[in-house]
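Shown below, as structure tokens, is a lone chain in the form predicted on its own; questions about how it binds or moves come after it.
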Amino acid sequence: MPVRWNRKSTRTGKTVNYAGLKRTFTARFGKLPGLLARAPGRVNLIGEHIDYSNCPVLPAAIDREIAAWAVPREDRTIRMLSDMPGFPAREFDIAPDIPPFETGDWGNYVKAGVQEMVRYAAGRPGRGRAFQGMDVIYTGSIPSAAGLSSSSALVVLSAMLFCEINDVKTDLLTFAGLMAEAERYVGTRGGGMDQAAILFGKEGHALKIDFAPLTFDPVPVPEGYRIIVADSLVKAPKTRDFLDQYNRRTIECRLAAAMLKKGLETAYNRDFPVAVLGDLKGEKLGLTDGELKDFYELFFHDNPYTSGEIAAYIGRTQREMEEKFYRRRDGTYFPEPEDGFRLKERFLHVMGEWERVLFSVEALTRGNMDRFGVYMNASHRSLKELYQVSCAELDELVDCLCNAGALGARLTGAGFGGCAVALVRAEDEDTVMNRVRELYYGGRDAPDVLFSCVVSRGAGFLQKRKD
């Protein structure tokens, strides 16, 4: 069946000029585009760094977006432009295996979406004709490297355009899963939160997203409150070092799950289906939640683990460890951190954040926004102390937001810079924002780094005429 893109979109993102972008397209390519699509950014209200452990999360699509005009080509070349500074023109050919640009190049996110759908479509029955390329121009109102999923929006949007031009058909849930897998192309081992929020977003609602299988439940955001996003002005570059910092945490979570699986099997003398930390559910494992909690509460020792120590415990050779846990996309292996693998801290964050998501859904449903703010603050402390993905500037910004009157605040996104998200009462919005401008931004006007979000709908087409 064809992909149904959440309904035809009618909301536009802040500062996006579709008509002006169309004129630029025509001037640069010498022809009129027929396809116009958008993919929103997302803000994660709570549930950070746990989607890749298949634990539930609570994001919302926002009214900031990546948008693009496109037109099919007769050959298999994709030519792409952007009207945003720092995004130079790029070009590549569609192939079964598309080689990446240099690490960190924006074009790799376009390639990621296209590559995944090429591989998917090539294996479908009846696919006999060659793929068509496209000319495409992008624009956006999502601050880059800010933790609002501008890169995931670009991957999703590019894949949407490719599918529309080439009549690649799938259902939306399958497409969301493919887009989560697509980001492996750029070297990140994330979960599926960003892509699901971008695709399934609903106006006025956050989304409780569960994984394995992927499901989502809209959770109303009560009226009378605002979501404020504030940029720390620290940009997390898409470099090899940044990717390693991110992927280290995913590896540590997988190692923690492998050790717990072995521990449970030793204690109970039977097999346990544990691949990720999200599998630690009493009903799935045939244990009570109390039994499970008693087991893992004292399981990890306080000191960092060596790879050899983990390998010996789970019964694997170092070579097997490299292939199963440490292999990068380019075939190299993630090195053992000098300070060791911090399994206990990562485990405690994931399990605590999982619980906070469930409590937050209950608080939102009941309209208890003060309680929700408490959970946001606790989430930031955990990300700072246990997951160690905050930075001094983010900590300062979160403190400023809370001191200015926010009910709660926390970093959002991968961390190491980027944005904080805060919850405020509607009547306090101007006061909080003015105070943060004074406290953090030195009194400067900050329209693109401090803003209030409208919870928006997901990705969609605004025009679907191909020629």
Ligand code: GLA
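The first residue of the sequence shown is number 1, and the count goes up from there. Quick caveat, the model's predicted, so the values are computed rather than measured.
Here the subject shifts to the form predicted together with the named molecule, a form of this protein not shown in this document.
Item to complete: Scan Phe216, Phe300, Phe341, Tyr246 and let me know which has any heavy atom within 4.5 Å of the named molecule in the model of the complex.
Response: It is Tyr246 that has a heavy atom within 4.5 Å of the partner.
Discussion item. Just to be sure I understand the contacts: of Gly113, Gly201, Gly191, Gly140, which is the one whose heavy atoms reach within 4.5 angstroms of the named molecule in the model of the complex?
Written reply: Going through each option in turn, the one that passes is Gly191.
Discussion item. In the model of the complex, does Glu65 come within 4.5 Å of the named molecule, counting heavy atoms only?
Written reply: Output for Glu65 is no: heavy atoms all beyond 4.5 Å of the named molecule.
Worksheet item: Is the gap between Tyr440 and the named molecule in the model of the complex 4.5 Å or less for some heavy atom pair?
Response: Answer no; every heavy atom of Tyr440 is more than 4.5 Å from the named molecule in the model of the complex.
Worksheet entry | Contact flag, His49 vs the named molecule in the model of the complex, heavy atom cut 4.5 Å | Result yes; His49 sits at the interface with the named molecule in the model of the complex.
Discussion item. Is it the case that Pro59, even though its partner is missing from this view, gets within 4.5 Å of the named molecule in the model of the complex, heavy atoms only?
Written reply: Flag for Pro59 set to no.
Discussion item. Quick check for you: of 66-74, 41-49, 396-404, 418-426, which stretch puts a non-hydrogen atom within 4.5 Å of the named molecule in the model of the complex?
Written reply: Result of the contact check: 41-49.
Worksheet entry | in the model of the complex, residues of 404-419 near the named molecule [heavy atom within 4.5 Å] | Result: Gly413, Ala414.
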